[in-house]
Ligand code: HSE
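Presented below, as structure tokens, is a lone chain in the form predicted on its own.
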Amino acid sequence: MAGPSFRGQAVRVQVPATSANLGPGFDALGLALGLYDEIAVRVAESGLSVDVSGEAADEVRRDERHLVVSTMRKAFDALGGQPRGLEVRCLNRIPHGRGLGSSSAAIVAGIVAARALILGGEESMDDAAALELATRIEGHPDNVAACLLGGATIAWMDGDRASATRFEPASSLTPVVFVPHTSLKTKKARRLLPESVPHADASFNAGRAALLVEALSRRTDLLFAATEDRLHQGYRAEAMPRSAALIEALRADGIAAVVSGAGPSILALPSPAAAEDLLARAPRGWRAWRLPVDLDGAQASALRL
């Protein structure tokens, strides 16, 4: 059987940062944020060329083990065949290892770029199939779903199958992220979680997670109560004491604040009037950004290199 036909033109892919869990929605809820990584890719005559600039540019590989490249290879295999060669340029703006979905952004970017380089790629691999592949690579669907679809998402697993649905966040939602200079590996954060939790805590979180969907979409006045969590943040606090202290201080002032993903970044969801003043609450050495909610998710377009 003949392999796929590749476009001669380069493609540009833009992918948003994401914040997952959002307090009680562990491994399920995600929010896309207006901070973007970009990649430009074209099919070359042979070989592999990888150029990286921006966040963590000095730390990532520039060979087949670069996460964007290795993901593209998996996507090309799923789509029927590999190109002769590749030229890849990456501009990173999402901090690495901070709980803002940098690995999910790289994975989604690789999949979206691969299918955009193939004629008929989007028909051969729709968003549901792209989510499936991204989840197999990442290990859980919450960040990749938000990155792929944009807006607010609910993701779940049915056996080995990943699914997600997108819902429209309230226009008044005003995310503020606090990003420390230190990183935290997701695997390390997960090792701190117990194998079981009290039934009362599980019941508490189920109610808060359901409430959070309403709060994110229509009732932002409920965000403080809706972001309470007993399932994971307390267990992880020892790995990020400064993050835990900042959350405690913000919530003491009535601000809905949670660990972003596995941390150590913090996501706050203040009222629009309070967002600007909140930037001054960043501890020394931290970055604070007021970010819009991204509504579009991963986007691919033609590009001339």
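Heads up: residue numbers just count along the shown sequence, starting at 1. Treat the numbers as computed from the prediction; the structure is a model and nothing was measured.
Just so you know, the form predicted in complex with L-homoserine exists too; it's not on screen, but the next bit is about it.
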key: Contact segment among 184-192, 69-77, 210-218, 150-158, judged by heavy atoms lying within 4.5 Å of L-homoserine in the model of the complex   = 184-192
inquiry  = So L-homoserine isn't shown here. In the model of the complex, which residue out of 230, 166, 89, 140 has a non-hydrogen atom within 4.5 Å of it?
reply    = 140
inquiry  = Does any part of residue 20 reach within 4.5 Å of L-homoserine in the model of the complex? Heavy atoms only, please.
reply    = yes
task = Indicate whether residue 236 is a 4.5 Å heavy atom neighbour of L-homoserine in the model of the complex.
result = yes
ask   = Can any non-hydrogen atom of residue 36 be found within 4.5 angstroms of L-homoserine in the model of the complex?
value = no
message = With a cut-off of 4.5 Å between heavy atoms, is residue 262 one of the residues that contacts L-homoserine in the model of the complex?
response = yes
